[in-house]
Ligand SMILES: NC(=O)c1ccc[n+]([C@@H]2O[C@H](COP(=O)([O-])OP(=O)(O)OC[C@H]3O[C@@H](n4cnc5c(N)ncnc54)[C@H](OP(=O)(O)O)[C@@H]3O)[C@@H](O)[C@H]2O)c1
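One chain is shown next in structure tokens, namely the form predicted on its own.
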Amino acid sequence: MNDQKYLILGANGQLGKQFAKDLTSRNEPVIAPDEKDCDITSIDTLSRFIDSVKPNVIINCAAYNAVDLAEQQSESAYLINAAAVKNIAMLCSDKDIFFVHYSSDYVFDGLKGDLYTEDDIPNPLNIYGKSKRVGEEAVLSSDGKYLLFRTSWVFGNGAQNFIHKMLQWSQKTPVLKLTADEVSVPTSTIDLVDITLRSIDKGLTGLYHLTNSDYASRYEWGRYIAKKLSLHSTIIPVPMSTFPSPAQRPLFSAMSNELLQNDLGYSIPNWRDAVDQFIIQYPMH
């Protein structure tokens, strides 16, 4: 697909910002509005905005992803992760716009004991995962052309990412406890954007798992970050039960990106390489 005009929804988040940055550097026409200028929860407002800017591709980076808070704020989670997604999918179908949307490894219950593939049946454990699954179903049942990507443990530029948090924690405490039985795939926004744009260029459609390659526990990921940033904290492995939380989380929710690698004909970088590249691009202080 060439001569595209991209509309980024959720442009202020870490993924939205990376899209705006990368598309701008490629000299691609990109519109990245503030939430106040383009309210995705109002179908009329959204429809008018889309008609005014006339994009060929809408990339939805907006999400309610406060996993624990969602247990108390289920209405907000479903509004943003499900109802708004259904509206965007419908508008894209009606207006013949290509739709890209992101879901989560949290649509799975973590009980498979192996990497999840696109053929596995979702069974979310928490409100966040359930709201993301309803959003998925809205995209999968839409009549338009779309790419639906499931991703996991996303880290991008800003204070919300795990690398930044590791740096902050290490400055406050000599001993860090990280879960050793919570396993998924750390995934960089740099690769998320790159692979998404490659997929659009290649004309791919449908559901794919888009993560970096290989997988890790929080503990392994944290140890790797500590090594790369020369952090002095001692990091010890603990079970997830050490940190009681409102939302139940899957233990092993790592997904296989093999289908996407095969269909793209491209080798997706390992999560360790992604961390290395991220630290070079966004130095930590």
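Model, not experiment: these values are computed from the prediction. Note that residue numbering follows the sequence shown and begins at 1.
Only in words, not in the display: the form predicted together with the named molecule, which the text now covers.
Contact with the named molecule in the model of the complex, defined as any heavy atom within 4.5 Å, is confined among 227-235, 256-264, 23-31, 38-46 to 38-46. Heavy atoms of no residue among I58, N87 and V139 are located within 4.5 Å of the named molecule in the model of the complex. The named molecule is not shown here, and in the model of the complex it never comes within 4.5 Å of any heavy atom of N126.
Residue contact check for M166: none of its heavy atoms lie within 4.5 Å of the named molecule in the model of the complex. When contacts are judged by a 4.5 Å heavy atom cut-off, V183 does not count as touching the named molecule in the model of the complex.
The named molecule in the model of the complex is not approached by F108, whose heavy atoms all lie more than 4.5 angstroms from it.
Checking I80, L147, I97, L197 against the named molecule in the model of the complex, a heavy atom within 4.5 Å turns up for just one residue: I80.
For the options S152, S213, T179, S170, the one in contact with the named molecule in the model of the complex, meaning a heavy atom within 4.5 Å, is S152. Heavy atoms closer than or equal to 4.5 Å to the named molecule in the model of the complex belong, across 56-85, to the residues C61, A62, A63, N65, I80, ordered by sequence position.
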